[in-house]
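In the block that follows, a single chain appears as structure tokens, in the form predicted alone.
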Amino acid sequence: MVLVALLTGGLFLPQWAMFIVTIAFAKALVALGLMILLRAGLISFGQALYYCLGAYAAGALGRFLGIADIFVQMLAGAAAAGIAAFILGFLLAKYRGIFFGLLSLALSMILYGLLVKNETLGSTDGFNILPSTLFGTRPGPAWVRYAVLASAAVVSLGLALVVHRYLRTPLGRLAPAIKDNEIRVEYMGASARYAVHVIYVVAAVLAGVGGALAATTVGHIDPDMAFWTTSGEFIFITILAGTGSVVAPFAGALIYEIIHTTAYDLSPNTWQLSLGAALLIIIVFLPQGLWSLVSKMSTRYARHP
């Protein structure tokens, strides 16, 4: 129902609104991966690593191979992030708590440093990517935004459904158990390290798709996509949204982008202060995230239908 509403309602949205919604989809995919990690008691301060890898993989396709298809770019972003996470996961799956978070942050900053020094990829300025195409055809100027929005909606909601199904599998249900008592998980015969490794790769693939989608939407990529402040933004969105449902990251990312855009429009010089104050109020009164409102209403309705 949400997908149908987006595909039909998107036709009537102005260009700037399409841009905001598409960027919200990109960031929500990263937050969706962080939500899975949080369910296992893990906080990654370096998820921008895979967000940036996905963006540069999408950009490199156009820059070096001339491929600008939206779906191919997102597939390349997912593959690049997934391969990197699979390799690095052997190391990170051994750590928990603050060590996991700081190690992920260090890896992200290593990528940032490498990109800053790489002149082939534009160094600190980054580079523009080719205009998007859809199944080999390039939409007209008036339809480009809508084509990207529709592609983002289909892929994002499809991935949300896959994650929803994954969380109901035995492996997906291990995450809260690992958070509560990892030793008992091992006594039950399950491998906590293997489960963490899988969760880490899934979260990275989601971030890679989000990075490729963001690159396609903006049309430009730069090393700041791997900077620590970008990772902090994703964590903020995840905490703001809550971890009660796969829908929560999408709602949280959209609200975050609306507040961000409004704050910048009203106070260009102090928008960070306005944004921080608005989000601080939400977190103070809703410490479990925005999705806790839905849970409370559902509980109240169950008691008094």
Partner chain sequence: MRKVLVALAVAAAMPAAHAQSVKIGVVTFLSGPAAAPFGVPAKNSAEFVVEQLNNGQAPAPYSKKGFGGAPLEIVLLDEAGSTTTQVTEFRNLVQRQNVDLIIGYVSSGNCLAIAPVAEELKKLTNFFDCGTPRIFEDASYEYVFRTSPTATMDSVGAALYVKDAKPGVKSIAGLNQNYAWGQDSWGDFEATMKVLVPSLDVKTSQMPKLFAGQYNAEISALLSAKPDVIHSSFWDGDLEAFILQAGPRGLMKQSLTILTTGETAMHKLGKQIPDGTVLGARGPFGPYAPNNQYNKWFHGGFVAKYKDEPNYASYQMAQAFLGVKAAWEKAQDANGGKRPSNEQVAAALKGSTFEGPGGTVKMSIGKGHQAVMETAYGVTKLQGGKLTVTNVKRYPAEKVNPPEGVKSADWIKGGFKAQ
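Numbering follows the first chain given and starts at 1. Bear in mind that the values here come from a model prediction, so they are computed numbers and not experimental data.
We do not show the form predicted in complex with its partner chain, though everything after this point is about it.
The closest heavy atom approach of residue 218 to its partner chain in the predicted complex falls within 4.5 Å. The closest heavy atom approach of residue 39 to its partner chain in the predicted complex falls outside 4.5 Å. Mapping the unseen interface onto this chain, residue 71 falls outside it, with no heavy atom inside 4.5 Å of its partner chain in the predicted complex. Contact check for residue 166: every heavy atom lies farther than 4.5 Å from its partner chain in the predicted complex. Checking 101, 126, 89, 172 against its partner chain in the predicted complex, a heavy atom within 4.5 Å turns up for just one residue: 126. Note that among 142-150, 194-202, 74-82, 157-165, the stretch whose heavy atoms approach its partner chain to within 4.5 Å in the predicted complex is 142-150.
Annotation for 258-288: interface residues with its partner chain in the predicted complex are 260, 261, 264, 265, 268, 269, 271, 272 [heavy atom within 4.5 Å].
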